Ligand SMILES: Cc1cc2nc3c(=O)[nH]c(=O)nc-3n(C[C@H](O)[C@H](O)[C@H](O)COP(=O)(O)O)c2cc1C
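Okay, here we've got a single chain as structure tokens, the form predicted alone, with questions on binding and movement later.
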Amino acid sequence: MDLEAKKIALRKIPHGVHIVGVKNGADVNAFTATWLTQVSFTPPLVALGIKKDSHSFEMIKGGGVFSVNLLGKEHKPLAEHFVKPATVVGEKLATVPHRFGKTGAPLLEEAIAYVECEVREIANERGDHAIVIGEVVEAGVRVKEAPALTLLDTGWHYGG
């Protein structure tokens, strides 16, 4: 296989840029995610790719909930803020206006929309990322007509 061609081809898959909030007990955290898609209408399910060796993945497994905060095209700095690893869980949220939703997961005040999910399945035993399938149990929209931030808008590359 041509490894460079594989990397370039896989990086052409379009991705949104989102902030995923997680909660496990009293601990909360958030991180930037790009691997998210809707996988069912009834019930409404989304699939999230997350690194298996991350603290946030452990929080999702333990807490069973997550939020997806959809960002507008002007929110690249916000996405950058949540890419950085935290030294203390929840530290990244300290300076970002947010509230806690129905599931207890953090919802960012600047997000153009959000969904809150309860974990229904975790898959991908072989890969370095797990696939977390969550059922949408709550949703909200702050800015109806705003276009969402994509990986292409940021100039970043993730995948390949």
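Numbers for residues come from their place in the sequence shown, where the first is 1. The structure displayed is predicted, hence computed values, not measured ones.
FYI, the form predicted together with the ligand isn't displayed, but the following is about it.
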- the ligand in the model of the complex: within 4.5 Å of a heavy atom of each of Phe31, Ser56 and Phe82? yes
- Task: Quick one: from Val115, Ile112, Val65, Ile50, grab the residue that has a heavy atom within 4.5 Å of the ligand in the model of the complex.
- Result: Ile50
- Query: Just one of 94 to 102, 34 to 42, 118 to 126, 65 to 73 has heavy atoms within 4.5 Å of the ligand in the model of the complex; which?
  - Reply: 34 to 42
- Message: in the model of the complex, is there a heavy atom of the ligand that lies within 4.5 Å of any heavy atom of Val136, even though the partner is absent here?
- Response: no
- Message: Quick check on Leu151: any heavy atom within 4.5 Å of the ligand in the model of the complex?
- Response: yes
